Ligand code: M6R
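Shown here is one chain on its own, the form predicted on its own, set out as structure tokens.
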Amino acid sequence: MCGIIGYIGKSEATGILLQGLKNLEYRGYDSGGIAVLNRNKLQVVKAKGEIKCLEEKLGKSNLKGSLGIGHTRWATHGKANEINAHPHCSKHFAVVHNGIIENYKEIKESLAMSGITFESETDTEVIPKLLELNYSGDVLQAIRKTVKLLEGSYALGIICTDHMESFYCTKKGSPLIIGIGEDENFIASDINPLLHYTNNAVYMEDGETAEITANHVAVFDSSFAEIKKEIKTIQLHKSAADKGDFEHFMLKEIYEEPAVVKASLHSVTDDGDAVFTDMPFGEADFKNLSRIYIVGCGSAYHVGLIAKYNFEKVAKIPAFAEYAGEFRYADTVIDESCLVIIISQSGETADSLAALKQAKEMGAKTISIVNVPESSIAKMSHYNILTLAGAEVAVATTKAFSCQLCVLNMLCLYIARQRNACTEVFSEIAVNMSRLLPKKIERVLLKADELKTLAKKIKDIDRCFFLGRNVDFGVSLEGALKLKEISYIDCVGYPASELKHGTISLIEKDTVCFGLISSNDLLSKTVSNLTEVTARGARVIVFAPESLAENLGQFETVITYPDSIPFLTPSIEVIPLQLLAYYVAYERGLPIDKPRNLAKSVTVE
């Protein structure tokens, strides 16, 4: 949430910063701003709205300089307007900030008592004011004194009018990367804006501060002693942050799913077996597990809920799917006999990171599933499984969800085999069947025209329900989330059996209900539930495997997909729901990649 960018080099900073903000806009698009240092003077341009609004203002300005910082905002403190947009400034400093300063009110009141005035409603503005108060010519000392007073999370980009040859950054709890170029260097919230300029990066750790010039990066630890940092190679290509021939990133990322699912599965399987190299937990550890908690937010929680059913059926162990934001505030029974699996696309999700910290403190074994190898969650967990989804830019996750689900299924098989809870034959069949998923996803993508036609028919609805049982309930939640977050239709996922326990009162003529039926075991009872809503005038649209189609002729519309074993079917079942959500939002003329009020990476609680 919020994206920051910084540049120093020989080129004009404004164009580079603007392009960087465009590549970070999925982290927030309430407002944006740029500050450039030229002849020891700050030049600042800010604008409310998307980055294109900032671009229009910049076209009328004359920002010049080869050193600058930029910001795209997702509002937390203060309305989305130009005054609250970053950068925030004092006499000598301009600051961009990703995170939340939890004690900003206390600091603001103290500074106000000293006669210092404020223009914005933000928590961030206290930072340049504190830097100014602590500044006597040494920027690093000013930063050191300032960050000691800050409670909360922050990634900061800082420029000072007295220092034309360098800028500064520091972090705690929010992601920050330094890009290493040739006679130029960068900072950014994530790798996407760096891909156009460099494949070399330094990943900042909490408590670290850096002084950056065009030719040198000096990094200091929490005591401000200089330390040596490894320069790592970014594996992604710059095309990962481009839409290519697709109109939206979301559609591009849906069509990338066969390739990234294949890559992710290949990374954790070998010769018909699930393989997790360097796993720190052995057979005895898994046999002695009392329960598993699978923790995530949003779509990551839905992955966990689907996997919960598989862990109990296949690995024969009690499993619980938990929202990360609720997990840490419940009196959850956790000890050394528990395994906590944390799922996060960014690896920086604040609630999930807090849940991981708590689980480790209570003695649990921890495994993370993330898409960013150098992320905080990846580093903190006892073992990390990296999904190979590549850069995902659209706010609504698609390919990251699918990669998380497939590797979590393989982890389930691995644990089941360690516990002797499933046979070698079942495990080998499941692994080999998983290798067929990419081709089956490709077959679903061939149904795009069918789903476009359906989207045109339902685009004007204002409410709908997704209904399913067992794993289909988990997929129902994901289908409802995809549709609501980009089409703004009020929709919700329910266990099919629960609708008649109160909520069926909302069903009236032409209410749209999506029924999910992924296996023969769930067929008769779910059909019975769907018949109940049909009797009340609902329009029922069913998603089911091809082999079940002949049993579903009584329903208005049936969308089929290729069969697989029930253990794997949700990985196929979710694809038409992603496409449908995309096409409904497209028909409604909405900003698909950047839905209102949402940001890609939620790095504040």
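A residue's number is simply how far along the shown sequence it sits, counting from 1. The structure displayed is predicted, hence computed values, not measured ones.
Unshown form predicted together with the named molecule; subsequent notes refer to it.
Proximity to the named molecule in the predicted complex, defined as a heavy atom within 4.5 Å, singles out one entry of 346, 376, 310, 209, which is 346. A heavy atom within 4.5 Å of the named molecule in the predicted complex is found for one listed residue only; from 396, 188, 496, 415, this is 396. In the predicted complex, the named molecule sits within 4.5 Å of a heavy atom of residue 482.
Although the partner is absent here, residue 297 lies within 4.5 Å of the named molecule in the predicted complex, judged by heavy atoms. With the partner left out here, the named molecule still marks one of 100-108, 337-345, 147-155, 527-535 in the predicted complex; by a 4.5 Å heavy atom cut-off that stretch is 337-345.
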